[in-house]
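Single chain ahead, written as structure tokens, the form predicted alone.
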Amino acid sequence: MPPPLCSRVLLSHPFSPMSLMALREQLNMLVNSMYIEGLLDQQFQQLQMLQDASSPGFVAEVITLFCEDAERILTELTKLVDQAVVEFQKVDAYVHQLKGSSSSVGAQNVKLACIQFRQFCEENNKDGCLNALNVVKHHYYLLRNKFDTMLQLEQRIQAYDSKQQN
């Protein structure tokens, strides 16, 4: 026999304690899988430790800024590498910038792909740069999709927490 309608409504309410626990568990599982897949390294853990009650959106803000910056850099890299004559020093400068921002948020696979990309820049290898750009984009878009899911979960958790405080 199914539970009475009242308890089903209570359990499925978006802000019930049960769903909050499930959201937190889902967030933890997502982040753990990102470490296992090599998308994140210990630097992301350091970033998370900087977030506290006085700045609950700190990690989300840093991730958003990273993604905006990465999108801009990837657009520029695509234009530069598609040129008939590639300016490898400019390409390298952008890749170096992306490597630095990836490193600061703990985006391990993106950072490692940038290291390989820079090697092709030093060799003035256009085909290598084209392939490396595709690898960087692949790792970045994979990470961005997971970050999007992470931020959505965090927003739902924060909405519940702020509702509890009112």
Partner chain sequence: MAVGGKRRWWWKRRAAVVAGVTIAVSVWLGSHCYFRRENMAKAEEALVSMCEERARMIQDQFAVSVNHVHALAILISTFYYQKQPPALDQETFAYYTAKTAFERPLLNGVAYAERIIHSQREIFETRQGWTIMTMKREPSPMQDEYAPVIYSQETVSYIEAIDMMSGEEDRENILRARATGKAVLTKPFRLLESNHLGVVLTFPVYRSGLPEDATVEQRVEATAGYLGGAFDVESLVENLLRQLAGNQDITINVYDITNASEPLIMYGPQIPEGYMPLSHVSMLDFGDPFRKHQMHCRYREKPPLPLSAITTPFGIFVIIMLGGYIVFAAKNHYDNVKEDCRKMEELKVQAEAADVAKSQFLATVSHEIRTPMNGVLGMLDMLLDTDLNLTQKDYAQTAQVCGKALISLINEVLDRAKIEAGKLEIEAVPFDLRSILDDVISLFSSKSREKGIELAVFVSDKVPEVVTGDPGRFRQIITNLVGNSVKFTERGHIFVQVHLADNSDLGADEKVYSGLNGLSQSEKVQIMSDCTFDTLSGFEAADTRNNWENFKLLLSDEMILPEASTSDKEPDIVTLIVRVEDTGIGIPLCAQDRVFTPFMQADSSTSRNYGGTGIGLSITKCLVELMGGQINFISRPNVGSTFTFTAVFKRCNKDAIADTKRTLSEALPTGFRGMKAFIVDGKPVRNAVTRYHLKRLGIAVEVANTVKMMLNSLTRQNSNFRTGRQPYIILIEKDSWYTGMDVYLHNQLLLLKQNDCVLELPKIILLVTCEYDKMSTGSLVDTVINKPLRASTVAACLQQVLGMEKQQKKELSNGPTNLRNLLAGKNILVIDDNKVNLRVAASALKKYGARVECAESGKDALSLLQLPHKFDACFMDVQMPEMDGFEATRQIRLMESKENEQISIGGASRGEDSMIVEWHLPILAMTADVIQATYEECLKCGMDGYVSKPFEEQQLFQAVAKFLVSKPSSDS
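Predicted, not measured: the structure shown is a model, and the values here were computed from it. Residue numbers count along the first chain shown, from 1.
There is another form of this protein, the form predicted in complex with its partner chain, and it is not shown here; the text below is about that form.
Comment: 103 to 111 is the region of 103 to 111, 30 to 38, 123 to 131, 136 to 144 lying near its partner chain in the model of the complex, near meaning a non-hydrogen atom within 4.5 Å.
Remark: residue 26 does not count among the residues lining its partner chain in the model of the complex, judged by a heavy atom distance of 4.5 Å or less. Residue contact check for residue 119: none of its heavy atoms lie within 4.5 Å of its partner chain in the model of the complex.
The closest non-hydrogen atom of residue 65 lies within 4.5 Å of its partner chain in the model of the complex.
When contacts are judged by a 4.5 Å heavy atom cut-off, residue 96 counts as touching its partner chain in the model of the complex. Along 25 to 47, residues 43, 47 each place a heavy atom within 4.5 Å of its partner chain in the model of the complex.
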